[in-house]
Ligand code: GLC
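Single chain ahead, written as structure tokens, the form predicted on its own.
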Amino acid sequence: MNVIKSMLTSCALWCCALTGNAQAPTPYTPTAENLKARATFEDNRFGVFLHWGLYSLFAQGEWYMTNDNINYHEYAKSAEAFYPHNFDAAKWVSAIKAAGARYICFTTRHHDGFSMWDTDCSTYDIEHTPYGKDILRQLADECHRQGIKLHLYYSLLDWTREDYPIGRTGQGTGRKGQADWASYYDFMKCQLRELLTRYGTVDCIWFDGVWDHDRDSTFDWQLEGLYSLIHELQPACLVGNNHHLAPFPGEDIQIFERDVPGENKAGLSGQAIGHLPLETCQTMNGMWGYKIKDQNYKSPATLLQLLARTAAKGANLLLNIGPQPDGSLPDTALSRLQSIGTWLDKHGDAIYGTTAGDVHQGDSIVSTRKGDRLFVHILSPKIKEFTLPLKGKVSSVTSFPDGNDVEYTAHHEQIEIRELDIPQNCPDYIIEIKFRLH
């Protein structure tokens, strides 16, 4: 409770922009281009997260440096061995596109401070490795070539830089605690300017790390300046921040970590649902970054049901993959992508471009909507019949996408579905209910 109170206080202080004259921040008014980008984002419904960086070499996940208190000077030596010779941007993007994902979110710089592009703001980057080629350049060019939206993850915290004020993570990485916020803030602005001026259209900047100072109610991230810079350089670029709080001024999407909006099973998504477009980020297995022991991949059925439950909340699913140190995507991850793509090829109309449905029964029956069409997603083959409250005059009830008639009775603002025979291996049996417009 004290941590939550501290986080809310920090949010309130930021909103007051604690500068020398304590003036309130300028209200954010999104441009027409930005509003259009928000609508496109909501229609896309499915994206793929890629957590890849120097940490993949250790195969212990993206938090290995702080979890094992690795001295940042020693950790940085691994850059001399980073040579992802199997990286092929075209193969990555092709596999993700075939899976039905409409966008990619790539970790340009994670908490270990290593930049996956040729940055002039630091020498701690991919250009100063034996590989020596700009990973982001290759990925961005391929995304633009194949028509996949490009979102860029950017960490607000850094376990390696001396000028970053040490927070509650990275305390054992060997830094001396010589913080210089003005220097670090300028560094972040330098890098963000590069990302938004060198790589063509960037559809979203996805921030992470505000929680690193959630125990210090006086800490001011000066997010307004970063958000303003982004919107100045690319007005249509969306801003999201994985701070686990209600949206801040200047943000364009709201992020929920490891839970669909409205749930908090993982303990990271207790914030209220705001008015912005929504996104749930979730892992395919247990970790975000590559961990050699983590082969506990969620089944194709579980992932498809997660996609349906997320869309039923009016949210996007951002599903993560941790690429291997050689630059290839894990075989199991590719297999999961293929399964999702096969399903979306047939059932995508019940996911893409939908809004949250108006009927549900726990996790077993959820719904999405598109105009006069209500898609009822039945996520358990054990269900044989059910009754749902329903407003509007029903014109037809059919299985989707086959179009076979489904037995039903509609009266007194409810519908009864009967005599269902759902195959045991069906992860999401969809019934399409069409309504009369007049």
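Nothing here was measured: the structure is a model prediction, and the numbers come from that model. Note that residue numbering begins at 1 and tracks the sequence as displayed.
Below, we turn to the form predicted together with this ligand, even though it does not appear here.
Student: State the residue from His213, His110, Arg336, Lys313 whose non-hydrogen atoms include one within 4.5 Å of this ligand in the predicted bound form.
Tutor: Contact check passes for His110.
Student: Among the candidate residues Trp52, Phe41, Phe49, Phe46, which is the single one with a non-hydrogen atom no more than 4.5 Å from this ligand in the predicted bound form?
Tutor: Filtering the options by heavy-atom distance leaves Phe49.
Student: Decide yes or no: are Ala37, Tyr154 and Tyr227 jointly within 4.5 Å of this ligand in the predicted bound form, with each residue judged by its heavy atoms?
Tutor: Contact check failed for every one of Ala37, Tyr154 and Tyr227.
Student: Based on heavy atom distances of 4.5 Å or less, which listed stretch (362-370, 205-213, 230-238, 297-305) is in contact with this ligand in the predicted bound form?
Tutor: Contact-bearing stretch, as computed: 205-213.
Student: Would you classify Cys281 as touching this ligand in the predicted bound form, given a 4.5 Å non-hydrogen atom cut-off?
Tutor: Cys281: contacts this ligand in the predicted bound form.
Student: Would Glu257 show up as a contact with this ligand in the predicted bound form if we use heavy atoms at 4.5 Å?
Tutor: Heavy-atom contact with this ligand at 4.5 Å: present for Glu257.
Student: Classify Trp63 as contacting or not contacting this ligand in the predicted bound form by the rule of any non-hydrogen atom within 4.5 angstroms, answering yes or no.
Tutor: Judged by the heavy-atom cut-off of 4.5 Å, Trp63 is in contact with this ligand in the predicted bound form.
Student: Report yes if any heavy atom of Ser328 sits within 4.5 Å of a heavy atom of this ligand in the predicted bound form; otherwise report no.
Tutor: No - in the predicted bound form, heavy atoms of Ser328 and this ligand never come within 4.5 Å of each other.
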